[in-house]
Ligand SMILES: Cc1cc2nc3c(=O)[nH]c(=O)nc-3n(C[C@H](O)[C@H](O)[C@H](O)COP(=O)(O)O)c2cc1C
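What follows is one chain in structure tokens, specifically the form predicted alone.
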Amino acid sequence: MSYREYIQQLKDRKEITGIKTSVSETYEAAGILKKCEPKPILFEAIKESGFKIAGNLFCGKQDFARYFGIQPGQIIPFLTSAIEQRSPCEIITDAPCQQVIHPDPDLDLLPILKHCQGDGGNYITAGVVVTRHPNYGQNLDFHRCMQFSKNELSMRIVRSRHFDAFLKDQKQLDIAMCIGNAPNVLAAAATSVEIGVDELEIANAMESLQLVHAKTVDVFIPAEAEFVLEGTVYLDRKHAEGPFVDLTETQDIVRQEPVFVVKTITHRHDAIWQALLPGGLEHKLLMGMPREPTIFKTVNEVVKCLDVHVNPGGCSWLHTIIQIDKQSEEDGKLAIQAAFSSHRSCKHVFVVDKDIDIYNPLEVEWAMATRFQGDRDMVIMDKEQGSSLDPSAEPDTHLTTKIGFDLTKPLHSVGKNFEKHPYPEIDLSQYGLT
């Protein structure tokens, strides 16, 4: 199913709100998306552009799971299987994403949003970037881009990622930035895999995916994308990028970042722009959820892991909640160490027993209140490498104190009972209640 087919499905189910009133791409659209979150929104008239915009499409795991016909609890094995059993995509020569071609591109014609007061410019936030390295093949990932001219954007490139390594090696990279993608492409772009793995093959393992060769750069791109921006990123050409409200909902700093020169734009007839609200629930889902299979795999190597939740309360990046079937008293601390090793940006790890619902913050807090003692159950890792997204980390080095919380009950307790005691079972219908 393509991005637009999913939007049509939401229309048919009356689960997307269409806004016919003309809306500005500057602040107004982003403000509406935030106010309506998690309700999907389709903007049918944008003041500055002739294209429609959709957003808030995948704000929770239940949305992602329903798209693929699975339950939320099946997401981790589903993603794990796609990574391990990835497969080549079908190549076609006539694709919807190339129905309209602009060899002299003007980014001002696109509905690129300015999200918040103080932003450095209008930002592309849902752009999935495809590039190629002569030794490692294709790579797929996300990069936010700030527009500063009719054909140039400043691209935020996180250091030490595969794209960063490619660019430092090649000095310039031809890329295709695809906007308006189905969730298999979005999730694959956000996965963390070994260098040399083509993430589009992961997307194909989730749902059949057709590719087409880009018009002016040597990469294969999703044929059903709504928009494709083709051009070159230059390592030695820099431009200010930021400020920008990032995943933590705090404003990121201004940096000098590589310039992306757009040389060709292709798109579908009546293309629909994909708006990914920075710091919103959809952004958090696409950041945190693809990290869960990696954490699960690593933790499961040392203890019996049942589930992992990189939760939105922790910005879907800085916190991880892990559910285990505890077999020994050291299992909680072993799970903490494994989680930190597999997701190095994580700041706090919470480990709970199998009777705790990790998707209910009240239950996790209850486990901390009743099963945790700081002098015995807390693991402190002082001055570890953390995330650049954490505003409390050291500004230049991103060093941070990491803490693990073992919220599991002892296997053998003396005196106190650590189980929740059940209340009487009552049939409310006998009392005229439901």
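Fair warning: this is a prediction, and the values are worked out from it, not measured in the lab. Sequential numbering from 1, following the sequence displayed.
Missing here is the form predicted in complex with the named molecule; even so, the following discussion is about that form.
Between the named molecule and the residues H283, K114, R86, R268, the one pair within 4.5 Å by heavy atoms in the predicted complex involves H283.
Contact with the named molecule in the predicted complex, judged by any heavy atom within 4.5 Å, is made by just one of L276, L167, V303, L318: L276. Stretch 135-143 is the contacting one of 354-362, 135-143, 222-230, 328-336, since its residues have non-hydrogen atoms within 4.5 Å of the named molecule in the predicted complex. Proximity of N184 to the named molecule in the predicted complex falls outside the 4.5 Å heavy atom cutoff.
Within this chain, T298 is remote from the site of the named molecule in the predicted complex, having no heavy atom within 4.5 Å.
Although the partner is absent here, H162 sits close enough that one of its heavy atoms falls within 4.5 Å of the named molecule in the predicted complex. Put simply, I157 is close to the named molecule in the predicted complex: some heavy atom of it is within 4.5 Å.
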